[in-house]
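We begin with a single chain expressed as structure tokens, specifically the form predicted on its own.
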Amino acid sequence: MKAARYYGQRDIRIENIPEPDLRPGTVAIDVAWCGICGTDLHEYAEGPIFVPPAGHPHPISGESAPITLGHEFSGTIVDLGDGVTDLEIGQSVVVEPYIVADDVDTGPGQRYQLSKNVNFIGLGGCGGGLSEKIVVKRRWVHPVGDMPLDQAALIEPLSVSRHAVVRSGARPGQTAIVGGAGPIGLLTLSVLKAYGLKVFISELSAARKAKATAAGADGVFDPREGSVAEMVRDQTQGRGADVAFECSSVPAVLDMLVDAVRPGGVLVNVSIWGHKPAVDMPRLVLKEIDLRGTLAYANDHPDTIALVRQGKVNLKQFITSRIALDKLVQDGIEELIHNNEHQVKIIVNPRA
């Protein structure tokens, strides 16, 4: 079968590899679509980061580069391993792409995303969605009903945004400011609107500002046109935002959010930073701002799927390009690196 294999920095190869074996307790899935994530871009341009380097196998997967990429994917069940009795061949599904130790409790309320040596399918081994087929453990498979499979490929990043919103404690009727209208910023906007908040966006790109407006932002502010924090206060009778979300990995945006959030408010960092940013600790202290980190998701997929199936989030609007696996680097990764203003989510068909 065809698969995108990561060998090292700027070295991704489309190769033919053996199909994975079905094992007891696992599910075989024909991949329909796989999204290209910002993490994939970082691995390509700067890595290996999450990918275990060649000769240094991951302690759980036992794999190292080359590995198959892709962790935002959807597909159809084609076979069930012994012991899997609650799913059916032909069901449309997505995968919660975790690699955790077998003894980690993934039940309700458990924060298994913080477990020792955690990694992700499609980064740390165990196959990946940028291939024609994958076999995964039953506990990571989530049916999506009649949701179109191209849209279902965005359930994974949408779950990142839902988890961040839940971490914030945001409530209906409150006001939020989102820093950055990239894919995660736009998806966070969508979750916040679904939960009944008023949402402002800070963004420079004209194309992304248009996307944010189309996705329902109540205001889109360009920092070149003045202080975004002042614009937020003007819209909130001088109070500031109740919650803020950093989705850009830009220090100036982080500073703006510390300014824009109200005293006693909550600031959630969603970004994965490649460096250590300075934080305005005096202002953080004097305003008693609650700064929270968030990582991926934990038992968020079912509620995230429900948001889409109930019509509260429209994922179709965020798919800006569809490509074949053979075009992954040229028309996918390089396009997102050099033309990201006009792209939100590029999805890949491994079978095209």
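Treat the numbers as computed from the prediction; the structure is a model and nothing was measured. When you see a residue number, it is the position in the sequence shown, counting from 1.
Keep in mind that the form predicted in complex with a further copy of the same chain is not shown, yet the notes after this line are about it.
J.: Quick one: find which of 314-322, 282-290, 34-42, 59-67 has residues within 4.5 Å of a further copy of the same chain in the predicted bound form by heavy atom distance.
T.: Selected stretch: 282-290.
J.: Looking in the predicted bound form, any heavy atom of Thr236 within 4.5 Å of a further copy of the same chain?
T.: It does not: once a further copy of the same chain is placed as it appears in the predicted bound form, Thr236 has no heavy atom within 4.5 Å of it.
J.: Given that the partner is absent here, does Arg139 sit within 4.5 Å of a further copy of the same chain in the predicted bound form, heavy atoms only?
T.: No, Arg139 sits far enough from a further copy of the same chain in the predicted bound form that none of its heavy atoms falls within 4.5 Å.
J.: Is Leu186 part of the interface with a further copy of the same chain in the predicted bound form - any heavy atom within 4.5 Å?
T.: Because no heavy atom of Leu186 falls inside 4.5 Å of a further copy of the same chain in the predicted bound form, the answer is no.
J.: Does Lys198 reach a further copy of the same chain in the predicted bound form, with heavy atoms at most 4.5 Å apart?
T.: Judged by the heavy-atom cut-off of 4.5 Å, Lys198 is well away from a further copy of the same chain in the predicted bound form.
J.: Check each of Gly226, Gly173, Gly145, Pro277 and return the one that places a heavy atom within 4.5 angstroms of a further copy of the same chain in the predicted bound form.
T.: None of the others qualify; the residue that does is Pro277.
J.: Which one of Ala152, Leu254, Val191, Ile121 is close to a further copy of the same chain in the predicted bound form, taking close to mean a heavy atom within 4.5 Å?
T.: Exactly one listed residue reaches within 4.5 Å, namely Leu254.
J.: Within 4.5 Å of a further copy of the same chain in the predicted bound form, which residues of 161-175 have a heavy atom? Give them in sequence order, or say none.
T.: Heavy-atom contacts within 4.5 Å come from His163, Arg167.
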